[in-house]
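As structure tokens, the next two blocks hold two forms of the same chain, structure 1 and structure 2.
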Structure 1
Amino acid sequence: MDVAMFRDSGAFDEQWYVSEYPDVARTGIDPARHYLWVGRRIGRRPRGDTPAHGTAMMVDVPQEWPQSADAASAEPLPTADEGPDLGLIDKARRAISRSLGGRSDPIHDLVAQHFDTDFYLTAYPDVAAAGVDPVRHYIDNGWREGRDPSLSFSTRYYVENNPDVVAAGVNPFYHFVAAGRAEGRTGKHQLGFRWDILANLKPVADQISELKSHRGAVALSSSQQLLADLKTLASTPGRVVLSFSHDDFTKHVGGVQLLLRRELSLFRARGDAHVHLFPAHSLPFLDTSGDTIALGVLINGKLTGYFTSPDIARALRQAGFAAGQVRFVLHSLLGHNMDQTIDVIAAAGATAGCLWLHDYSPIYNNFKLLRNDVQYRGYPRPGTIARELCAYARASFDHAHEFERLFSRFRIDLVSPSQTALDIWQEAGLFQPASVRVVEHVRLEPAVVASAAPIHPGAPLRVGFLGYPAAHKGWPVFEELVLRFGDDPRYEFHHLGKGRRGGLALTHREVAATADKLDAMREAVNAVSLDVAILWSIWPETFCLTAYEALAGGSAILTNPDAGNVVAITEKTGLGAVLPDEAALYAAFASGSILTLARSARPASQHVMRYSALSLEVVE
């Protein structure tokens, strides 16, 4: 019915409606529109003399809509093994009660019935840390910030596709559950996660500007203390390794950070001193702004402080290192400035070192070598349409040109963790290192232990995701599997790693390997008797430690053709399968053919992970 006609029909008393239902005024919606959209669907009366039930304007609330606000509080609490944020979730639920203060708020009540608190608090940890009612946060602010109330509803999608809701100023999720769904509106597109990535992709300059806008001030330390520490190293016998990476490996968790911890121990055991430099502020690109970079300095694994690149160069120059005493190791230069990096290396008197191919930042602005963050189709050569269409190629800088200056200044040995990554480097054919070498981080050897636990024919297939839930690692594909088959008795889903995501029917186990516990992930895989790991990376992995950890723990692997070294190790061992695309993966789960495929590929026994000597194999 037309709103104006309804208002003038005499069937609606606006003054009475607003007085009877004061929450309407808070929504900012025209009262007559509110009644047609929402009120009649939740049993409200259009005027005071209308019977509470049985009006011609009334419609029954669909059965799938919960009738009581108690539905949200009646949900079972997460179990203790789901992650460390359960206290925050309980705290948030108490905040819900406090925010209502014993009063009924129809908007809050209806949204709460469909709101996924667990999802919201893990997706937006700032809300969890604030200890506020997450439902109220979403109603008041979250939807305007583009946050989602659950995995099944996209605020941005609903706002962009329902301009009448935006014009009315109504909360989109409230409108959807109260009226939109019954009107045939959809809460989320079905175009896949790559569409989301493309929809949110920003020009490189905007990405950098946004990242830098959140930076805080860095407290710089006295360069005199740095000079004193470096003079001590220069006066002692033994080599000094000048190492570079993108962050503080002693505080952050990840494959490269774990390798750096091991490498530090190996160098120290050999008697070498270790000086490590990392940018105070992370950046997924080289910093070509020309600004002076602040770097953190770790000496033998302990933080000395933060200093500007010129101050570090000056201290290295004055320390008095002997010719050939310093050798550099470049693990990553993301966040570094190339001119300042060259100055620092030269100031130390180093003339030779090695560059690790942990990612593809030396040859392309996107370190994952993905076009617009969604697709890998080989190295995009200059002048091709594929390169011209990529936002990363349109940046004002070119990583390859920056690294070319580094290679022209020093003797650099390229170290690749896999033949796969080296093949991609050589295909690009940009510049020639002094030497190339493949040094795998880990090698698998059959274990002299009991074989993997036998699988009961009637037991559900244990399917897992290993590591942090990042898009380029394939988390959205695993998430879709859980959403589609989470209640299927044939399957049991697990997430082993950090960064628990709520709203999914799976078991989460916090896993983080350390220098003292290198095999934490392998042990976790074995502990849950994982049958198959979904390692669906959409970028060409240069190594992928989790693939080796999965196989060592007794799990098979499912991957796709674009996953780089994951494909190589899967095909080499035969302990898994490479499926052509996501459609084939979902179809295999739907038909159940994955049960036979995964279990037949599962290792018959565990493996031992033999770690390499990393940079020590080339820094001689």
Structure 2
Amino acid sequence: MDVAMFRDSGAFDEQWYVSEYPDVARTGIDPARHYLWVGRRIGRRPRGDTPAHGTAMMVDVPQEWPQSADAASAEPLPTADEGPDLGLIDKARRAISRSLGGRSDPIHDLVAQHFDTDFYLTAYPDVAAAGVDPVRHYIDNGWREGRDPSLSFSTRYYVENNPDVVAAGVNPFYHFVAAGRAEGRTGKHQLGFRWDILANLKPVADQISELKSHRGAVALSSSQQLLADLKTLASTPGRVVLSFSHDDFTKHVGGVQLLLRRELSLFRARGDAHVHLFPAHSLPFLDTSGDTIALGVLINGKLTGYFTSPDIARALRQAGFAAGQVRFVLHSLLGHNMDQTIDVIAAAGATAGCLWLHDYSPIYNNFKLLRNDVQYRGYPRPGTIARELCAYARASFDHAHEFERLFSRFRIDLVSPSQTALDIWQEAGLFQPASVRVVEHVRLEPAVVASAAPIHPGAPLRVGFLGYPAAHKGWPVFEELVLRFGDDPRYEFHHLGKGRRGGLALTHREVAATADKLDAMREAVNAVSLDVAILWSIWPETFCLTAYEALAGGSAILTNPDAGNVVAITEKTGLGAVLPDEAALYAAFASGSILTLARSARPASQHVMRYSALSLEVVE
């Protein structure tokens, strides 16, 4: 009742609120509810004409607005269609009084005082989508599901390390804030983010069966139409590119997907036809189960339908392509089956093509080349302890053995987006491609670039994380930086990208590149005058478009020695630093030595991005 009452009270301007705080719409939470749960806690205003931090007073209710659950449980929330009720404020006051009086829940009240609603709702979007009171959700279900009430408390850690609390059946976070902390118990482990990754890592077989258990049925199309379309292509003069990747690049947005869109248009501009195959269900491994794979088929960028791999092979064979008419381009075979892929390529009459090294899946089961998802220390050679320790190497299959069949069957040119990735490929020394070539997706070229924002010497160093907050991209390291230095006046933190994370003292700006706006990230970096981008990838990036965007946007880069091409581009441009490890990063922020990377303290970065012709540079 309180939310509806508040919405209609006149103290809240929904339109203004949504426009002023664009992240609200993305949470999917009703704006008034968002304000009560999140906004007011983080100092947001309910209307444009109110001073910050003064909102609750405006509507003449107790400063601590009651948690919605108590009131809501007493009287159901009205639907959005219900009109304003002039008596609502009085009714709400009575509900508040009841909830603070006789029906007061000390556990709820104490948990709510220390609970980070913003963190909870962004970390668990299902809770946000359900529209329930997050504190009540945590108390009733969340803690049992291992969810955390804030960034500074790990429910799982506390439960595992305090069996007496579990035995007593007390909510662990309540116990911690009410007693545990004073008793000297710790709320969170100090074992680092890699420990969490390892603790959650499942054996490969379990990962695969879990992913497959969530799959729905695929509606397969009649292969007659496919055959007709392929016959048309076969009878038309010109080359046909048979392309493979891990998903539908026309639907998903990401670095590789945008490159594929660009590549498609370049091929089309050259007069080549483009047939693209992707697995109906994605999988971060080759599918070695032997099951027939369902593939989506895009012909010249348009979805023809989903077909079984053998049906596609049959149609390609019957289409009657001329010898040499079809060349293949393998961007990724994750989710594909190798034997079925070989059959499809052979059915098209193709004998040669190229393989992109966007990731390391051709040489290792972990496509990021990480040992147990936690660390990169070179290619894990067979017979080494590094490989023996890795859950990925202990799978029942070996990607390298799978790719061996591909290499022994076709003439394959290897295309690497960076020399760094090619060096790693050559270090592994597994296959002999017909040729190897480095084709950078983007090249940085010197140019005079006007700085978008004036440079203020002495202003806080603007430090940013670019992209989706993923562990292998170093988000936990950035998060730790914000937690340690968020209130340090020398620094100002920014997150540019999708997937806002709450509970951190930073400014988030939604940035997503589209086919029409490829350089959205560069623009965003420029717009906020970012001084330093923390590109702390823990895997050897084969390219990392973001690094180029950061540099072209005028930012310097901070990275670590394992970050692959990010290291190479940082060293090549001299814009930034490669620090030995996380301890050195935190130390550089503590001492302030990192301030030398401020825009005001260095020459302006003067680079523009030039996009390459991708596979067209290799496929004649």
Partner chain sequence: MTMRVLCFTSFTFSYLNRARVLFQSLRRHHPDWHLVALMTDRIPAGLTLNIADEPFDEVVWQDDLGIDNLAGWLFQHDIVEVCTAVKGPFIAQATRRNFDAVIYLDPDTCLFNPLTPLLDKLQTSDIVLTPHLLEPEEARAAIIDNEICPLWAGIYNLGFVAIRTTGEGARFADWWARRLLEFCHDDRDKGLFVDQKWCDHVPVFFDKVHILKDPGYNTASWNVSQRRIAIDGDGNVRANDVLLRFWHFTKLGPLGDTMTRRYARDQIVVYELWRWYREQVAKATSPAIPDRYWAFANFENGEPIKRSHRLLYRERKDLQAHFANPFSPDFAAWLKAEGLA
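What we label the rigid core is the largest C-alpha set whose atoms superpose within 1.5 Å from one form to the other. None of these values were measured; they are calculated from a predicted model. Here, residue number means position along structure 1's sequence, counting from 1.
Only one of these is the form predicted together with the partner chain, so let me know which. Structure 2.
C-alpha of residue 216 off by 2 Å or more between the two structures on rigid core: The answer is no; the displacement is under 2 Å.
Examine residue 141 after superposing the rigid core and state whether its CA is displaced by 2 Å or more between the two structures. It does, since the residue 141 C-alpha is displaced 2 Å or more between the two structures after the core fit.
Once you line up the core, how about residue 117: does its CA shift reach 2 Å between the two structures? Yes; residue 117 is a residue whose C-alpha shifts (by 2 Å or more) between the two structures when the cores are overlaid.
Core overlaid, residue 598 C-alpha shift between the two structures, how many Å? For residue 598, the C-alpha ends up 4.4 Å from its position in the other form.
Give the rigid core superposed Cα shift of residue 130 between the two structures, in Å, rounded to one decimal. Comparing between the two structures after core fitting, residue 130 shifts 2.7 Å at its C-alpha.
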